[in-house]
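Encoded as structure tokens, the following chain is the form predicted on its own, with no partner shown.
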Amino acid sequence: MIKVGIIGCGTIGRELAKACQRKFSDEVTLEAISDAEPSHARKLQKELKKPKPKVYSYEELIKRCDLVIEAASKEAVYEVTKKALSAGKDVMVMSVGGILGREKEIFELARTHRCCLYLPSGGVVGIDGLKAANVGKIHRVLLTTRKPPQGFEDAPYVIKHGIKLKGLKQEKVLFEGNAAEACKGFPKNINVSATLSLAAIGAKKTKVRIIASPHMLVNVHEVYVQGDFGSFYTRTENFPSEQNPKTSRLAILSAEATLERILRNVKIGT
């Protein structure tokens, strides 16, 4: 049995905790949960079935578990991942944008300590094709993201540039640049660009367009990839999670699918 610990008891952490007990109970033990706000962890603990996981600090959780799942925040992910890999523990990372720019250090830790780092696809499709294309030569990766205007209201880039989002009648391009800049300016909105970057040509070469669309009811990610293999285009229309509209349902399902891939002997897809 693999001892699993989950750091971050928000929407994704809660769903993964329940999946461990419901779907993967023959392969894993949900050993521990942790949150920067201990009351959130205790609340989740009460919701879970017996045997209930213990509530620990994230440092203690890392010591006691074989697989550490980070579902906390962009601010916390670097330290959590660094400590877990240094302790020789496998890690699944959800807040991928938080390791962008420091991925060389993180990847080297995984190699040095002979452990695995898992980065789910999240709310975007096409990662399998992108990884395959990157075996050859990729010329261009472009991510275009459209969301309702209210989804960008607290983005640092929007605040810094004084962009007015209320009352928009037509689509407005908020940002055009690379993924590194996008993750800094829109840390809660564009996590998928970090995953795309790490899967292929890097954050400085991966291009991003962010558009506020007043008529859009869902979050849409379009990915265009061109290389020696040819080209492909994907479009993902994400319904929000019922528990938290800022989290896409597909991101939660992607995390569950990644956990299943870790546990299964048959692995389908690139």
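Just so you know, these numbers come straight off a predicted model, no measurement behind them. Numbers for residues come from their place in the sequence shown, where the first is 1.
Below, we turn to the form predicted in complex with a small molecule, even though it does not appear here.
- Between 102 to 110, 167 to 175, 117 to 125, 135 to 143, the stretch whose residues reach within 4.5 angstroms of the small molecule in the predicted bound form through a non-hydrogen atom is 117 to 125.
- Proximity of G8 to the small molecule in the predicted bound form: non-hydrogen atoms within 4.5 Å are present.
- The small molecule in the predicted bound form comes within 4.5 Å of no heavy atom belonging to S197.
- Although the partner is absent here, Q226 sits far enough away that none of its heavy atoms falls within 4.5 Å of the small molecule in the predicted bound form.
- At a distance threshold of 4.5 angstroms between non-hydrogen atoms, V218 is out of contact with the small molecule in the predicted bound form.
- Proximity to the small molecule in the predicted bound form, defined as a heavy atom within 4.5 Å, singles out one entry of E27, E59, E37, E47, which is E37.
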